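Below you'll find only one chain, the form predicted alone, shown as structure tokens.
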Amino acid sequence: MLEHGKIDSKQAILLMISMILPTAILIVPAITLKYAKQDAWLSLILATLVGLLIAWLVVSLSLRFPGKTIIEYTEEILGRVLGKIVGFLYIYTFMRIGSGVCREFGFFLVTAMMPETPMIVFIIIAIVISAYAVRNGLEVLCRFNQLFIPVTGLLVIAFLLSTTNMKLTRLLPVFDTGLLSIAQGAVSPIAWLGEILTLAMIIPYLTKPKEAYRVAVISVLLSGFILMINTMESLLIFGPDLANHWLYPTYNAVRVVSIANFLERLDAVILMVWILGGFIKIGVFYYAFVLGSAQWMGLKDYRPLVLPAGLIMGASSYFLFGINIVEYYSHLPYHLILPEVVIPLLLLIVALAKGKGKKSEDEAT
């Protein structure tokens, strides 16, 4: 194996949650509210159910091919040539998402904190810190992630303090927008929850791979629940018509908290979550990009690729994603349907039809 580190199920769950949520809590509410309005919470429930389906597909495939990542077992299922093509698609997907997160990381910090600072400064900082963690392996990335987890508890405190500004009547009327609008509102959170796909690069390095189903289910359920609470916060404070016009409704929701004119300006909480969580998310996709590339090329060590991969991600985030960030995230979910849903489903069908891989315990029973 190119990666000799091992992590337990708890570390994997925390890593998956930290990988999904940092950008989701900022971006998803605005997009979901735009389509589903006061029914946004129904969109989140639908998205979580689809996210569980994606998680099942990913884990079912991985457990049929013990010790192999999605880059490796695609060749076993589809043959060398087609398998290489599909493997390259996943490597590109990891690079694209990682680069997009770098862009969003810099864009948010410039917008919210330092408008006079060039965005490239934040992108370089994010790449350098993430590169250090990636070069030192999966275990170091997980330990770094454990520094981030306690900060997320501040989100709960911020939510509780913001309840004084909420009105439950803003949830009415229920199911008023219609099924199509609810489904459209679910597309964006499905894409974020579908990032559980990266677990296909990590399952071989679990101390107990058979616990992968539990890791995936808990990660998706907790991420979906936190995302729904986060969206509800913006909806109950501002209402659907106002909240969907902001790029970062969660950030604005926290900013309005004021207790006795003393406890206020809690937007620093969002900044802390975003900065630490952004490093983790970039690191996870950076790691998947580097490890997948090394496996695709048949290398014995992935570390020589850390520097060139970082340069590719940094350049892509600055030049290729230099478009309106709202446009980018509005179209991104539709581009992720293929690698997150369609291809894993087809891979599983082909593997079952050809009898490839080891039968899972579920199939055996």
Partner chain sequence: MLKFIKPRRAGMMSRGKSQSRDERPTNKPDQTVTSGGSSKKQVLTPDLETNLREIKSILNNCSDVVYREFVFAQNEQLKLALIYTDGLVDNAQVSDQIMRALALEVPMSVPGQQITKARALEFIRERGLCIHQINESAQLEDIIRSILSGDTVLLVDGHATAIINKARGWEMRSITEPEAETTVRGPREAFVESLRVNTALIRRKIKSPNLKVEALRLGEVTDTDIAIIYIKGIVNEKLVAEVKSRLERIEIDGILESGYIEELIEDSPWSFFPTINHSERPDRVAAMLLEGRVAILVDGTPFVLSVPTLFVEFLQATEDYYHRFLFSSAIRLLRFLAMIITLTLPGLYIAVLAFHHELLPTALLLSIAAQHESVPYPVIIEVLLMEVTFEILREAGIRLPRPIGQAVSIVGALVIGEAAVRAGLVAAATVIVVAGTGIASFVIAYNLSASLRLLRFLIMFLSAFLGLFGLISGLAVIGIHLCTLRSFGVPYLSPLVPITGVNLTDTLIRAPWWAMFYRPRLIARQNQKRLAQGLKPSPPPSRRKG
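Remember, it's a predicted structure, so these values are computed and weren't measured experimentally. Numbering follows the first chain given and starts at 1.
Note that the form predicted together with its partner chain isn't included here; everything after this is about it.
**Asked** Which single stretch, out of 188 to 196, 161 to 169, 222 to 230, 116 to 124, brings residue heavy atoms within 4.5 Å of its partner chain in the predicted complex?
**Response** In short, 116 to 124.
**Asked** Any chance Asp267 has a heavy atom within 4.5 Å of its partner chain in the predicted complex?
**Response** Taking the distances in the predicted complex, the answer for Asp267 is yes, it comes within 4.5 Å of its partner chain.
**Request:** Decide whether Phe279 counts as a contact residue for its partner chain in the predicted complex under a heavy atom distance cut-off of 4.5 Å.
**Result:** Output for Phe279 is yes: heavy atoms within 4.5 Å of its partner chain.
**Asked** Would Val110 count as a contact of its partner chain in the predicted complex, using a 4.5 angstroms cut-off between non-hydrogen atoms?
**Response** Judged by the heavy-atom cut-off of 4.5 Å, Val110 is well away from its partner chain in the predicted complex.
**Request:** Using a 4.5 Å heavy atom cut-off, state whether Ile129 contacts its partner chain in the predicted complex.
**Result:** Answer yes; at least one heavy atom of Ile129 falls within 4.5 Å of its partner chain in the predicted complex.
**Message:** Check for me: heavy atom within 4.5 Å of its partner chain in the predicted complex, for each of Gln11, Glu139 and Phe144, yes or no.
**Reply:** Each of the three qualifies.
**Request:** Quick one: from Leu242, Ile85, Ile157, Met272, grab the residue that has a heavy atom within 4.5 Å of its partner chain in the predicted complex.
**Result:** After the contact test, the surviving option is Met272.
**Request:** Could you tell me which one of Leu78, Ala133, Ile182, Ala294 places a heavy atom within 4.5 Å of its partner chain in the predicted complex?
**Result:** Looking at the other structure, the residue within range turns out to be Ala133.
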